[in-house]
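Given next are two forms of a protein chain, the same chain in both, each as C-alpha cells and marked structure 1 or structure 2.
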Structure 1
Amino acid sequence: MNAKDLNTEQAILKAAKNVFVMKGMEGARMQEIADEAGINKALLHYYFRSKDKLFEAVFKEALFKLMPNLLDLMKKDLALFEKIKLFVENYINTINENPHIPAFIIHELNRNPERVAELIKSTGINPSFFVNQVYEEIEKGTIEPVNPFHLIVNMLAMCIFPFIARPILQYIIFNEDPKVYAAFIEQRKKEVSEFVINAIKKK
C-alpha cells in the first residue's frame, strides 16, 4: 500500500470511528462517513466494501490499541504487585489517549455480544499467565485467597469507570474544569493500584 492509499485509509478509519462512536453501527451511514472523511462514497466503498467491513476494521483498531501492551505485560516475569501497578498505569494511559474506546466497545457489546467476543478472542487475549501467578502467590501465602477472575474484573472496572462516567465527574463533581478531571485521572493510577494491592495483600 503506497503512502497516498495509507493516508486515505487512515482518514476513513478516523472518520468512521467518529461516526460509529456518535451513532453506533446501526445508526451510522456510509455517506456520513464519506462526508466526515472528505471523500466521495465510491472511494469509500473502494477501500471498504461494506459498513460491516469498515466497522470491523475500526473495532479491531480500537482493540489493538488496548490489548497488545497489556497482553505482553501479563506474560512478563514480574512480581505480582509490580504487574498490577503497571497494568493499571498502562490501561488508564491507553484509555486516556483513546477516550472513545470504552463507550464504543460497550455499545457494541450491548448490540452484538457474540461478535464482539469473537473479535476480542482474535487479539489472542489469554489471562492464564496472570491467573496462574495469582494462584502461585496464594500458595506462597503472600496474598489472601482471591478469585483471580474477580481480581481482573475489579481492576478493569476501577480503571474504566471514570472514563464511562466522565460527564458526571467532569461537569458535576469537578465543576466543568478539565484540568481537575485530568489531575484526578493521573491520581487514579496510584489509587487503584494501592487499593487492589492492599485488598489482596496478606495481613
Structure 2
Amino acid sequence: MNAKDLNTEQAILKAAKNVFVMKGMEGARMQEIADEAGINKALLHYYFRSKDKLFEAVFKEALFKLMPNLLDLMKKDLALFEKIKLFVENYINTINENPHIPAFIIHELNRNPERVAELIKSTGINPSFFVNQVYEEIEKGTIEPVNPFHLIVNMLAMCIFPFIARPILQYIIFNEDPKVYAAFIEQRKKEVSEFVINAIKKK
C-alpha cells in the first residue's frame, strides 16, 4: 500500500464518515460518498468491497473515537471530585469535536443492538474501578450514598444529550443562534461538574 493508496483510502473514509454520520447506513448513497470524495463510485468497492464493509470501517472509527478517553480517565489515580471535573470537561470537549457521532451511534444501536454491544464489549471497558472508588468515598462519608451506576449514567447523559438534541435546543431555546448554543456548551463544562459534585457531596 503506497502513499497514493493511503490518500484515496483516507479520502474515501473521510467522505464516507461525513455521509454515513449524517444520513445513517440506509440513508447514505454510495454515489454521494463517491462525489464527496471526488472519485468514481467503483473505487469504493475496489477499496472496501461493499457498502456494509465501508460502513463498518466508519462506524468502528467513530465508536472508538469516543471510547478511549472515557476508558483511560476512569482508571486514573485521582480524587473523585477531580476525576468528575476532568471527565466532564474532557468528554464534552471530545464530543464537541465530533458533535454528530453520538446520534449516529445511537441510531446504529437501535438498528443493530447486539453488534454494537459486542463491539463495545470488545474494548474491554469496565466501570468497576470507578464504581469502587465511589463506594470508598461513601464509606469515608465524603459523599452521599448514591448508586454509582446511576451516577455514571447521569454524567454520560448530561454530557451527551445536549449534542443529540441540539436542533431542538438551538431552534427552540436559543432562537436559532449557533453562537448562543456554542456558548451554552462551553458553560456546561463548569455547570455540569458543579451540578454533579453538589448532588453527591455530603454537607
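Everything numeric in this text was worked out from a predicted model, so none of it was measured. Each residue is numbered by where it sits in the sequence of structure 1, with counting from 1. Throughout, rigid core stands for the largest set of C-alpha atoms superposing within 1.5 Å between the two forms.
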Between the two structures, is it 1 or 2 that corresponds to the form predicted in complex with another copy of the chain? 2
Align both forms on the core first, then report whether residue 166 has a C-alpha shift of 2 Å or more between the two structures. no
Taking the rigid core as the reference frame, tell me whether residue 137 has a CA displacement of 2 angstroms or more between the two structures. no
Does residue 39 shift between the two structures by 2 angstroms or more at the C-alpha, the core having been superposed? yes
Using a rigid core superposition, the C-alpha offset of residue 30 between the two structures in Å is 3.9
